[in-house]
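The chain below stands alone and is given in structure tokens; this is the form predicted alone.
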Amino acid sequence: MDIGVGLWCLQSTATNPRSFTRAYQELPEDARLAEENGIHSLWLSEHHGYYDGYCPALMPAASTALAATETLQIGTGVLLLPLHEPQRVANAANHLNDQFSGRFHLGVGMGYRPVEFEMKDLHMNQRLKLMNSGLDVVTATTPTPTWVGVSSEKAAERAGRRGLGLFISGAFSKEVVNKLIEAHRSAWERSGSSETNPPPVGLLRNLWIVDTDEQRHQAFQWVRSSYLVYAGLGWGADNTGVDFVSEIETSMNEVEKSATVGSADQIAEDLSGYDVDLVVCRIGYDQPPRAALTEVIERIGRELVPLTQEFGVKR
């Protein structure tokens, strides 16, 4: 099982303001820190048209992190493929992998905010068609490892049929995660692929390494507050089909329940129950002080990574 960290969004929020210059300066600093501590990968996230400057252009950001490191893998978790010209995405992925020794991973998703589609003169009801046609182009023109972010079994099946990796949200329970993995692998098996091994599965998990009850409480508060900030993306978009205001407390409770906060041994024990190739530790919360983020990156590399080397997919 490989261990990555994420999600880097390069925001300046109302609760944790910083200059955008500083946000982008911290990205290569964090990438070097992750590499120095033996972490497999660092993952970036994309959105458009929100007040906090949530990263709208992942390829240039990925290039910055790749240029700052020598062995660290960099992935997009996820790039909103229907909002991009797919051939340009494929060309950029090819360029990054040619330039940086195959260390770039392309994670893609459909998006869920109508305002983002409207900014591109598109409509939400086009997103599945655009996603499929975009994947047709990307898979035909780039050998870059490609992962598909999903939230339903149907989406997992579509990725499996194509032989593409799966990138699963950190908010899901273990039961939901297992159902998505089963749908993905069953679809791959039915596809008649000539590949020996199934496509990889990546799992985003909210986690934090702590030593005391006080630190544990604080970490859960960071998890909750980060999703409150994230829910603002929904509040700021009309007609998403979700009542974010009325559902936010329930959502934060579910996210907290799915989070793993404890010692490295406790977290490793939890992760051992997942039949996946990659776990991306979601530590890019909005609230933690810079020193706390630095410390947890170091502890993930020093304490958690060695414990998880033998975990993962049972071939």
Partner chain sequence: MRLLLDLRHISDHTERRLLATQADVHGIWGVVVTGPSGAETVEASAIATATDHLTIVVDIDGSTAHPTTIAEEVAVLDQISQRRTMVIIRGQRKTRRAIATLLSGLPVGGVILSPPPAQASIPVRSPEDIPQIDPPEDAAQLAELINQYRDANEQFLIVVWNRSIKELARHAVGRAGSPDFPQMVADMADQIDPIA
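Positions refer to the first chain, counted from 1. This structure is a prediction, so every number in the text was calculated from the model and none was measured.
Note that the form predicted together with the partner chain isn't included here; everything after this is about it.
Engineer: Kindly indicate whether 53, 99 and 119 are, all three, within 4.5 angstroms of the partner chain in the predicted bound form, using heavy atoms.
Structural biologist: Yes: 53, 99 and 119 each sit within 4.5 Å of the partner chain in the predicted bound form.
Engineer: Does the partner chain come within 4.5 Å of any heavy atom of residue 151 in the predicted bound form?
Structural biologist: Although the partner chain is absent here, residue 151 would stay clear of it in the predicted bound form, with no heavy atoms inside 4.5 Å.
Engineer: Please run the contact check for residue 129 against the partner chain in the predicted bound form: heavy atoms, 4.5 angstroms, yes or no?
Structural biologist: Output for residue 129 is no: heavy atoms all beyond 4.5 Å of the partner chain.
Engineer: Heavy atom to heavy atom, is residue 88 within 4.5 Å of the partner chain in the predicted bound form?
Structural biologist: Yes.
Engineer: Give a yes/no on whether residue 162 approaches the partner chain to within 4.5 Å in the predicted bound form, heavy atoms considered.
Structural biologist: Taking the distances in the predicted bound form, the answer for residue 162 is no, it never comes within 4.5 Å of the partner chain.
Engineer: Within 4.5 angstroms, counting heavy atoms, which one of the listed stretches 59 to 67, 282 to 290, 258 to 266, 37 to 45 is next to the partner chain in the predicted bound form?
Structural biologist: Among the candidates, contact is made by 59 to 67.
Engineer: Which residue, 171, 210, 83, 72, is the contact with the partner chain in the predicted bound form, using a 4.5 Å heavy atom cutoff?
Structural biologist: That would be 83.
Engineer: Quick check on this chain: which one of 187, 92, 110, 124 has a heavy atom within 4.5 Å of the partner chain in the predicted bound form?
Structural biologist: Of 187, 92, 110, 124, the residue with a heavy atom within 4.5 Å of the partner chain in the predicted bound form is 92.
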